[in-house]
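The chain below stands alone and is given in structure tokens; this is the form predicted alone.
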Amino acid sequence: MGAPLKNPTQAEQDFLREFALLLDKAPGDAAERQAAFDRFARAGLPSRRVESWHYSDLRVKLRQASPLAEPPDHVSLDYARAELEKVAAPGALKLVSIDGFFAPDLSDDFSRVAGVEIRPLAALSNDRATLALQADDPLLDLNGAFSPGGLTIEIAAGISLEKPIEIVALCGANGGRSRFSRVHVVLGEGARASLIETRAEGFGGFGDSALLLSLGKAAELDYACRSRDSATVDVQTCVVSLEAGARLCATALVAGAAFLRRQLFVTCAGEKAELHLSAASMLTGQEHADITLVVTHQAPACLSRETFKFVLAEQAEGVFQGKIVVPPQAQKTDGKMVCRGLLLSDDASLQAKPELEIFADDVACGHGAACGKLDANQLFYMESRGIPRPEAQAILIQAFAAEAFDILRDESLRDLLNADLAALLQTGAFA
């Protein structure tokens, strides 16, 4: 069966049992799945003893693993179709998954979209494995062992898409299952596109998703993640490779996170690659969101900017861990990382740990982190001009959080995230 799990928890035993059942059902790619599961088994579920998981002890949080989700039946399709109407972005080309399974009946027809090819992820298994292995993460390995195929979205060299592509991840009618999904987006040399990832899977269970982004030379991508509702325990992984002159602007709006780990592993592999990362996490109640990223500048003269915002109410907990790595060959690196937290309650908390690992001597790198409360003078000014306190507070929060979306060049994506943020504030959860 491969590498054994050492002193396995109940959840790890559950995964082992489900993996054996999966191999019986899908023996065709057993070797690749077995290799991924063996890597996971050697590491196990990460605990607070693992430095990068110190503030999000998954070994303690995930006590049991639910059975694997099954392919959607007609009931789940009907349920997901109704949910799709509520959450889908207007005007985007849609690719829909239900519990990690591609749902062609709910997706748009890409056969007439020039320069875009959609195919099963297995068709690029070698590229996928190389990109995924550079992250060296047990939850990404677990995803590789269990994900039911997945998709490759390939945009040909020189193509400039007019409409955004939207990946919509929904859950089925049963809920409470373990869901795995994987998508690889490949942009050829000089290609330009916008990508939306809408995650609305708030139906219990465990979620482990992976998005792999490969940008060729001088390719440009605007990427917006709308993490609206997540599983009870959810891990979202994004692995990125940028070739020479490529530019990625990636942001996210995180909400409805019972226990969420969103992790990004980015490699600037080519000279003068440019990276802009950001996110706004809106947490309330006892929600927990962990944003962890590692940006590695492998080539000279690359630029990276990271700006992360947290708005925390009641007993919510935010975690930010960011690391910029600059090896000796990456001279002329320009990297800056900032984390800002807005605490709306004395019981809310933010753990921030920005890091730099620099082994080159001709660089300009820096980081910073700060948290505080709403400015009392600004609130008083707005109230003195007749604006009710809840509305004044919402205006200030919107201005604080929406700055994370300014990195996007695609105005339609910015408008979409700003509308989502405004709707979230109108619920009164952050008043």
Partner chain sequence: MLEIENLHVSVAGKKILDGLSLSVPAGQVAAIMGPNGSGKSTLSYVIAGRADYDVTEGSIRLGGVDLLDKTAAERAALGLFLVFQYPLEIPGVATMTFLKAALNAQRKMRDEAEMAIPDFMKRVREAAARLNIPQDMLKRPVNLGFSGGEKKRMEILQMALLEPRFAILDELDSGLDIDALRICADGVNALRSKERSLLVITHYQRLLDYIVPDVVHVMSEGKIVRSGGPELALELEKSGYADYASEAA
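No experiment lies behind these values; they were computed from the predicted model shown. Positions refer to the first chain, counted from 1.
Just so you know, the form predicted in complex with its partner chain exists too; it's not on screen, but the next bit is about it.
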> Is there a heavy atom of V50 lying 4.5 Å or less from a heavy atom of its partner chain in the predicted complex?
Replying inline: no
> Is there a heavy atom of R63 no more than 4.5 Å from a heavy atom of its partner chain in the predicted complex?
Replying inline: no
>> Whether E391 contacts its partner chain in the predicted complex should be assessed with a 4.5 Å heavy atom distance threshold; does it?
In response: yes
> Would E383 count as a contact of its partner chain in the predicted complex, using a 4.5 angstroms cut-off between non-hydrogen atoms?
Replying inline: yes
> Tell me, which of A35, C365, A43, I395 has a heavy atom within 4.5 angstroms of its partner chain in the predicted complex?
Replying inline: I395
>> Can you pick out, from I387, C371, A30, L374, the residue that has a heavy atom within 4.5 Å of its partner chain in the predicted complex?
In response: I387
>> Taking 4.5 angstroms as the heavy atom distance cut-off, pick the stretch from 65-73, 35-43, 396-404, 52-60 that is near its partner chain in the predicted complex.
In response: 396-404
